[in-house]
Ligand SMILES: Cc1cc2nc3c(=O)[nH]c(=O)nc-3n(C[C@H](O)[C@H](O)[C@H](O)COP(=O)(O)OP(=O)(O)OC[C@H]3O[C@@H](n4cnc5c(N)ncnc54)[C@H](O)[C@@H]3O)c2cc1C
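Below, in structure tokens: the form predicted on its own, a single chain.
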Amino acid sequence: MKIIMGGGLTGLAASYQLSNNSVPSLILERGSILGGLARTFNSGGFRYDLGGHRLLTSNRWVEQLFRELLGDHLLEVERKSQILLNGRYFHYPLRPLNAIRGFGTATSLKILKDFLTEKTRGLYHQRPNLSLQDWVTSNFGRSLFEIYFRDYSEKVWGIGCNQISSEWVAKRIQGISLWKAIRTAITRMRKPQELTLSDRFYYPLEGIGELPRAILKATPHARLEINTEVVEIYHSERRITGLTVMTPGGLRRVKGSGYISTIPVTTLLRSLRPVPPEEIMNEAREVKYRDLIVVVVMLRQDRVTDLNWLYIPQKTVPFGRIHEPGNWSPIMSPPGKTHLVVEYFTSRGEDLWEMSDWALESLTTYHLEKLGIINSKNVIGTETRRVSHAYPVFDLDYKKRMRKITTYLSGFHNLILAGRTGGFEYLNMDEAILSGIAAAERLVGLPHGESTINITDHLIPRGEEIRL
């Protein structure tokens, strides 16, 4: 029996692959609903995810898996995103003519001048792009960094842009540059590998939570236990020997021959018995995750926007992103009604996290009306969800810390870290699935004694790049 800690997409994908090889597994999920961030809730017919999560992949195997699991419930959705900045709407990715109209000629010329200055400087002096600030400035110029990227990024991560690793932003908005935006506007061309710029994406009819349910349904050799939290992890002679879990019925012991951890790496380390060396625990205390709050505002009207996402960078507005589920799937809202999912990026202990649900919902409604997005008279209900450890925080020193931590954990021969929170990696949904697949194959396929740590390589060939 293989034990999988965490019932998000990575853990479910690992169980799926183990089942394909007739290997039984037990999935331990702390929450009451499987899926991790890929969960969908239903409040009186208003379905919503924990933020907008699209399915986008360049991997033919993953695309085929989506099709097999979801069938005719796999929708193809046209992407439309905008930025609301100082009362004006801008297309995202940026379109030069739209930007000129929004910023004005003088500001647009300054943006272009700064961009050309950076590119010219780069021809003669290559500076290392260590931080998000370095990367964005070199790719977009100083003006655009200050107008949009700085405030939005600091709102998301809670630290200064000069403290955020450039590796995250380089991957998250890969393929985007001001020159490419200009070229696209002129030629209407796209490169297939620039997936974050895709015009279309996949989405399940019943919300993103339909995907993890479909994976579990296709996994006959797995058993799922919800409301089951790992509290202690025992080890001896470089092997994990068992767990203690907290269930609604109390504490109990769980044992398996191999273990895949998709839970936060900090939680994993704190649960180990005997405890790790103090040097490792000191590093773990500096590893940070960002938390998420979503506030759902339900409205008595057909539609508010025609957008998938609306980004709000300005710091005078406490939330950062909005999506309208009815624009993703037609069954997400009751007939004649709609709802907005509003995302707050925060951390435990911060004022936003400590606010009551009622206060957050009132704050959300107030700002949405102040921005001109809704009329509060149309609000017929609100709901709040909080998600801890939603996103790893990639500061400038995260790699150094994680190198020490993973070196220590690689000593346990029957333990694999996988996924976004477990492996402390920025993974899109297709990569999270591939991470689980790879972890399962490593767990059952490697000779005894070989390290099976921090699996993020795609063992399944990517094949021909596709445009979704």
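As the structure is a prediction and not an experimental result, all values here were calculated from the model. Heads up: residue numbers just count along the shown sequence, starting at 1.
Just so it is clear, the following notes concern the form predicted together with the ligand, a form of the same protein that is not shown.
- The partner is absent here; in the predicted bound form, the one residue of Ser153, Thr338, Ser143, Thr228 having a heavy atom within 4.5 Å of the ligand is Thr228.
- Note on the partner interface in the predicted bound form: the residue among Leu65, Ala438, Leu28, Leu409 having a heavy atom within 4.5 angstroms of the ligand is Leu28.
- The stretch from 376-384, 229-237, 124-132, 312-320 that comes within 4.5 Å of the ligand in the predicted bound form, counting heavy atoms only, is 229-237.
- Within 4.5 Å of any heavy atom of the ligand in the predicted bound form lies no heavy atom of Leu368.
- Contact annotation: Ala432 falls within 4.5 Å of the ligand in the predicted bound form, judged by heavy atom distances.
- In the predicted bound form, Leu50 approaches the ligand with a heavy atom inside 4.5 Å.
- At least one heavy atom of Asn428 is located within 4.5 Å of the ligand in the predicted bound form.
- Along 2-27, a non-hydrogen atom within 4.5 Å of the ligand in the predicted bound form is carried by Gly6, Gly7, Gly8, Leu9, Thr10, Gly11, in order along the sequence.
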